[in-house]
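One chain is shown next in structure tokens, namely the form predicted on its own.
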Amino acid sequence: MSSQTLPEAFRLRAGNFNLLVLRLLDPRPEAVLPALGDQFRRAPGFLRFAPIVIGLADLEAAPEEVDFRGLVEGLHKLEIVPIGTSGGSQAMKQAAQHAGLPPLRAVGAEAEPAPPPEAIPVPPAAAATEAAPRPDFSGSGRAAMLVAEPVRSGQRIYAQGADLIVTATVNAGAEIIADGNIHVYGALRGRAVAGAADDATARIFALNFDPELVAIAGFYAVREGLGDAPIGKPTQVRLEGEEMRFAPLG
């Protein structure tokens, strides 16, 4: 028997990935899947092969009323890859797990809320020192992620808890997502999703507005539904109720 050491075949490392969440508002696959399919027909390639998390927190149905297996099969047919669940009751999580959807938890999150730390007196000299604020280039009061390179087709960028500033082109087939506002100081030709954390006040700004799809807080408009939007010109997009409004910049 050889004592030669075999080369290392793999390594395991913890990772932190930004994933989109499909928040279920209706427990019936026959209601969810056709709506998703309709969105796909209007925006080809949107979410194709994207890994997503099934959000259960908004469901009021009993666990036995949710056809998780039917939902998983339907999502796979739409070329969406469900990888697990977030939120929901323990019984709901167990029902989903039987269909191959394990409960997921953010990296570093506690299983149970930790008790608040006991207050410790701070000497006056130390109390005068404050942490430096995070840089903000957006004017919204949020931190901002800055992307200075073109966003290529097939690339997806997510500014979690922040605005997103792109100083180059967002190419067709690319997707940019932000929990806050999106600023594109170039051509916006791909897909832009602002207010991804349900911020209906978020806006999208582009110096050359020619997108495949824009969305704010879950409300979408695809290229064919942009109406009188100033295509190819400086544009801002905002929500007014449930209607998307397009206005020239400047």
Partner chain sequence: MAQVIVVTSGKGGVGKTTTSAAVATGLAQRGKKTVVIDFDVGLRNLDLIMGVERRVVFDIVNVIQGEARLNQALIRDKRVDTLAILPASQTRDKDALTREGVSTIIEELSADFDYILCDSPAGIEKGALLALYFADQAIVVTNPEVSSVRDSDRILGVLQSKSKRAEEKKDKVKEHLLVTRYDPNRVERGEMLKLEDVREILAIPLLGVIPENESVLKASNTGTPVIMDTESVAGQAYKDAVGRFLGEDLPHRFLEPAKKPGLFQRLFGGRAA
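Remember, it's a predicted structure, so these values are computed and weren't measured experimentally. Numbering follows the first chain given and starts at 1.
The next section is about a form of this same protein that is not shown, the form predicted together with its partner chain.
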{"item": "Residue (of Q94, S153, Q160, T167) lying close to its partner chain in the predicted complex, criterion heavy atoms within 4.5 Å", "value": "S153"}
{"item": "Which of 168-176, 67-75, 83-91, 96-104 lines the interface with its partner chain in the predicted complex (heavy atom within 4.5 Å)", "value": "168-176"}
{"item": "Partner proximity in the predicted complex: R203 to its partner chain, non-hydrogen atom cutoff 4.5 Å", "value": "no"}
{"item": "D199 within 4.5 Å of its partner chain in the predicted complex, heavy atoms", "value": "no"}
{"item": "Neighbours of its partner chain in the predicted complex among 220-250 [non-hydrogen atom within 4.5 angstroms]", "value": "none"}
